[in-house]
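Encoded as structure tokens, the following chain is the form predicted alone, with no partner shown.
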Amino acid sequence: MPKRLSFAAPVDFSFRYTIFSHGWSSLAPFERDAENLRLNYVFGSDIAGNSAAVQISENAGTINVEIDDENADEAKIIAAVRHILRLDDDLSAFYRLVKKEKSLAWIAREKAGRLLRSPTVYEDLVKTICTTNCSWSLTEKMVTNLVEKLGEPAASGKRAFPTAERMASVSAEFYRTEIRAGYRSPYFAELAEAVAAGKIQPENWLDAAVSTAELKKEMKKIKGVGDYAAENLLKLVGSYEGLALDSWVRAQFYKKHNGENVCEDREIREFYNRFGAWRGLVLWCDMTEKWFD
């Protein structure tokens, strides 16, 4: 029998704006039901005690979670759902800031700004590496392959994202031929081995007692993580100083703020510098406003 859990969401939370905040909800083991506004995810036994598929929805300020395995750990799943949806993030300072600008006031009004993330930083790290130097369709394919070929199955047959230990059990050649990871193949094998052995501890980035610059430097030591990937990862652990500029963001900025004329990255940075430590989040909300029209 499936379990059904419910708990209150913060008053400044929007389920819709969170699950559609960026592309993560279309990457396995996430599945999104846009028509019914539901988010599905598969937790592995490392997180939920038993591997379990869950369906997450919201109604009148209440988060509803349906779990397909009655043996899964309820407390751990609730904690993981809160983490995924960023329910414990304090965005009050961010909302005070954007309310001062007429063109950005919609962000606070619509309760936008929470960026969906995975239940582990490790998963976010691997997925971020899958976004670099390729199309989004290739990113989706690589992540789907990782889940289908290495993920732990839940009772429903759906699979969780693989742990570092599971990813470390296969070779770089496996990533090349089975995952179609290309140049990332040796990076995944090396990263998984280091995380499984405790030499790299991505989960510690959530509460790192170092500056953003130092944390970014630590992230960039990982092969496959450059400025763009590190600044996106920083957003997912709660630091929004970096802009994570890529070709899509640049094109949106040129169109929205520069008469479709190309400009230097320096000018984009200067445009958002007035938002201080929140500038990366302001930029992302600004660039994705039309997603929600």
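Small disclaimer: the values here were computed from a predicted structure and weren't measured. The numbering used is simple: start at 1 and walk along the sequence shown.
In what follows, reference is made to the form predicted together with the DNA, a form of this protein that is not presented.
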**Request:** Although the DNA is absent from this view, report whether G61 comes within 4.5 Å of it in the model of the complex, heavy atoms only.
**Result:** no
**Non-hydrogen atom contact D68 with the DNA in the model of the complex at 4.5 angstroms** = no
**Request:** Please run the contact check for S51 against the DNA in the model of the complex: heavy atoms, 4.5 angstroms, yes or no?
**Result:** no
**Prompt:** Closest heavy atom of S247 to the DNA in the model of the complex, within 4.5 Å or not?
**Reply:** yes
**Message:** So if I measure heavy atom distances to the DNA in the model of the complex, which of the stretches 181-189, 155-163, 102-110, 70-78 falls within 4.5 Å?
**Reply:** 181-189
**Prompt:** Among the candidate residues K199, K217, R96, K223, which is the single one with a non-hydrogen atom no more than 4.5 Å from the DNA in the model of the complex?
**Reply:** K223
**Prompt:** Looking at L39, I47, V42, A229, which has any heavy atom no more than 4.5 Å from the DNA in the model of the complex?
**Reply:** A229
**Request:** Verify the flagged residues S118, V121 and G238 against the DNA in the model of the complex: is each one within 4.5 Å by a non-hydrogen atom?
**Result:** no
**Item:** Residues of 40-79 having any heavy atom within 4.5 Å of the DNA in the model of the complex, listed in sequence order
**Value:** none
